[in-house]
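The chain below stands alone and is given as structure tokens, in the form predicted on its own.
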């Protein structure tokens, strides 16, 4: 029913949804900003691609291994860097992401270097991508609404108070870091088996910035907001594709407008509710009449003062 372009857009949306869900758990629920998630995406992509091409492993096994290997690297990195505060942690993650990219560039015999890694089976279909995105959302939702997620929320609100009541803040912050890396590696594996050819340039600093921007636009502390943000950020460039020379300019303007009008994001610190949306539509006429009455009262007051 869908042509190849439409299927490709769906796959890219689902890949970004998975990566942004992991970033949302890290940034939205622990307030740890990381510019290294593109590095974890590349680890998952190259690990799964090499298993599929050189060892002939099935796609599911290579995808799971790629995500798990990215989580393992995050565990090692987090054990060394989670105790860093503020900008120091952010800069460390940025350096890690760029180091991974440079490493893949210079290991030509293993990863193909800057020339890229080719021959990857194109097993990522729209159906598989949608199933993975739904599964990722269920896992993230279950995690956030469990004891672990509540402890992460406590750390976000007041880390000192959380530490005082017995929450191991280091352990839970590292857990959220590993969780985001696993999701990034998962997204990277899907990306590699969709593109069938990957290069280190696909996972540059710009990709990490895009993930953080998407998380902020969707709303920190909101999983449904992250999904909506991923939809918006992925689809806007495609909608403006007909305006070839101005496409990225219009995309940037649209992102800035969203941030200016909704500083907390589209669903900052709250989740989408169908019931609340229906009630809002029902009350919209009353809200419009109330605002009109308020403007009329202000005009009358200004007339009396004159």
Partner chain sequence: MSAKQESTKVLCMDKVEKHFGGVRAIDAFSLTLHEGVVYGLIGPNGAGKTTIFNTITGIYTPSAGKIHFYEKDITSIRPFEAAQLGIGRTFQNIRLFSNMSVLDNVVMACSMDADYKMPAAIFRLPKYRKLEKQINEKAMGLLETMGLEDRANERASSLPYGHQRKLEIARAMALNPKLLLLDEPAAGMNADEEIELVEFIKGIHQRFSLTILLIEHHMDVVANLCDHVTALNFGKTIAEGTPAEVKSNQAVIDAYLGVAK
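Positions refer to the first chain, counted from 1. Bear in mind that the values here come from a model prediction, so they are computed numbers and not experimental data.
From this point on, the text means the form predicted together with its partner chain, which you will not see here.
Open item on the list: Each of 139, 142 and 163 having a non-hydrogen atom within 4.5 Å of its partner chain in the predicted complex: is that the case here?
Closed with: Judged in the predicted complex, 139, 142 and 163 all sit within 4.5 Å of its partner chain.
Open item on the list: Since only the chain is shown here, I'm wondering whether residue 148 would be in contact with its partner chain in the predicted complex (any heavy atom pair within 4.5 Å).
Closed with: Heavy-atom contact with its partner chain at 4.5 Å: present for residue 148.
Task: Residue contact check: residue 175 to its partner chain in the predicted complex, 4.5 Å heavy atom - done: Taking the distances in the predicted complex, the answer for residue 175 is yes, it comes within 4.5 Å of its partner chain.
Task: Proximity of residue 156 to its partner chain in the predicted complex, heavy atoms at 4.5 Å - done: It does: once its partner chain is placed as it appears in the predicted complex, residue 156 has a heavy atom within 4.5 Å of it.
Task: Contact of residue 168 with its partner chain in the predicted complex (heavy atom, 4.5 Å) - done: Heavy-atom contact with its partner chain at 4.5 Å: present for residue 168.
Task: Proximity to its partner chain in the predicted complex (heavy atom, within 4.5 Å), stretch among 191-199, 148-156, 228-236, 125-133 - done: This holds for exactly one stretch, 148-156.
- [ ] Residue by residue through 81-105, tell me which have a non-hydrogen atom within 4.5 angstroms of its partner chain in the predicted complex.
- [x] The one in contact is 83.
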